[in-house]
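What follows is a single chain, given as structure tokens, in the form predicted on its own.
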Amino acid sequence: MDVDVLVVGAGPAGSTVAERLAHAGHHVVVVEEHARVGIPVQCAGLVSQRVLSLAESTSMVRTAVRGATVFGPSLGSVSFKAAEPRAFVIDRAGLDVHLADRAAHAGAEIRTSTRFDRLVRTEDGRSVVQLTGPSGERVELRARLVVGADGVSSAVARAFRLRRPVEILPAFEAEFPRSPGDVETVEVYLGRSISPGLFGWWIPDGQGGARVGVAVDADGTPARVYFDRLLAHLARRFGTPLANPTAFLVSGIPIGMIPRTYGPGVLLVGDAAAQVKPLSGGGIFTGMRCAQLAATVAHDALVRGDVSSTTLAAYDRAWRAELGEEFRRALYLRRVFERLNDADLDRLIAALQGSELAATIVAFGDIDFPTHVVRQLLRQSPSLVRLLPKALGAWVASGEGQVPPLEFDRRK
């Protein structure tokens, strides 16, 4: 079978590419290895208004979030709450289904229970790939362009030799049907005992329950161990244990930009391209936005009949021009915070307490571009800068966009 575009993965990034290219008149096939789009759920599902705008729907929204509380290792905290919603908790599977349906209505063919196995050969300027279908049958498909949207362990990236190892943070989450806590506030937990490398979270689900999880440094200790410690932390925080989880999520979060997200006849988007925010691990907005850019470049390449690396490199340049500097700043800040011990983190929380800084967080906070508020806080509070490396203070004072050098290039 010959197609214009094979999209591997029916998550938000893959379905966004598929919808745009199918709408432009290209023959698009999307393959999803799981039996149902959106199952298993891939992340906690806390998104910005930008994601709802890209999805052109609010049907998957469960509740709005107006604030956040960040807890240090000793349970000291800093809180803020805005007058208007700052983020939305969504039905994560519902988002995937909505976007896949939109792609199908545009003309894309969606095949579930179908796995991408390997690149067999290239002939006549097309990639011949092997797929395994629902009944275990192996079929070959020829595509002018392959789009890898198949997640952190992307088989497409491996097949086309595009990927180098990046840091992968193990994550473990559970949904609880009943949980105390402010239904309009997300809680974030810092500390080496429960979330080394990133943080733990408590997110209200809009139905009286919560999503609780951790993403941690890959130090050999299972993420489930840290998750259990977070539950004990929450029991002390709420005065009662959380019980009867209804669902579990085990995943990996890629941190760090890979050298190239394109090759002859191939593009990578979303987690497959490590297009994930290093400070939060979130990737829905960034993946969908990069998918839009990928579709624009892919359409032009297909119309011209040229899917060479030279042509497709325009995609790599486009998404890095829009998001690359934010990723670099966030990665730098993440490495800085990794160096803080629990006492440092407690001091950091104490330094953030105060109405003026809380007002700054409300004014500048943006879950898609978190370095903006960090930079503003550091400019406003000399006590914060004193807690962190001198190079960070120089960056803040300089007003330059480029982050200072710091030895942090660590791959796992």
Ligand SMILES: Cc1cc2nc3c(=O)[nH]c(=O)nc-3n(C[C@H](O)[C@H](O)[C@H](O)COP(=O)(O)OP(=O)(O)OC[C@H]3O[C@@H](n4cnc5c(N)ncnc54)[C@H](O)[C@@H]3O)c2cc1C
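In this text the structure is predicted, and so the values were computed from the model without any measurement. Position 1 is the first residue in the sequence shown; the rest follow in order.
One more form of this protein, predicted together with this ligand, exists but is not displayed; see below.
- Contact with this ligand in the predicted complex, judged as any non-hydrogen atom within 4.5 angstroms, is confined among 374-382, 60-68, 340-348, 26-34 to 26-34.
- This ligand in the predicted complex comes within 4.5 Å of a heavy atom belonging to G252.
- Residue contact with this ligand in the predicted complex: V269 places a heavy atom within 4.5 Å of it.
- Although the partner is absent here, G151 is a contact residue: one of its heavy atoms lies within 4.5 angstroms of this ligand in the predicted complex.
- Interface membership of F116, defined by any non-hydrogen atom within 4.5 Å of this ligand in the predicted complex, is confirmed.
- Taken together, the three residues L145, G263 and S308 all stay farther than 4.5 Å from this ligand in the predicted complex, as judged by their closest heavy atom.
- Contact with this ligand in the predicted complex, judged by any heavy atom within 4.5 Å, is made by just one of A171, L162, L333, I110: A171.
- Along 3-36, residues V8, G9, A10, G11, P12, A13, G14, V31, E32, E33, H34 each place a heavy atom within 4.5 Å of this ligand in the predicted complex.
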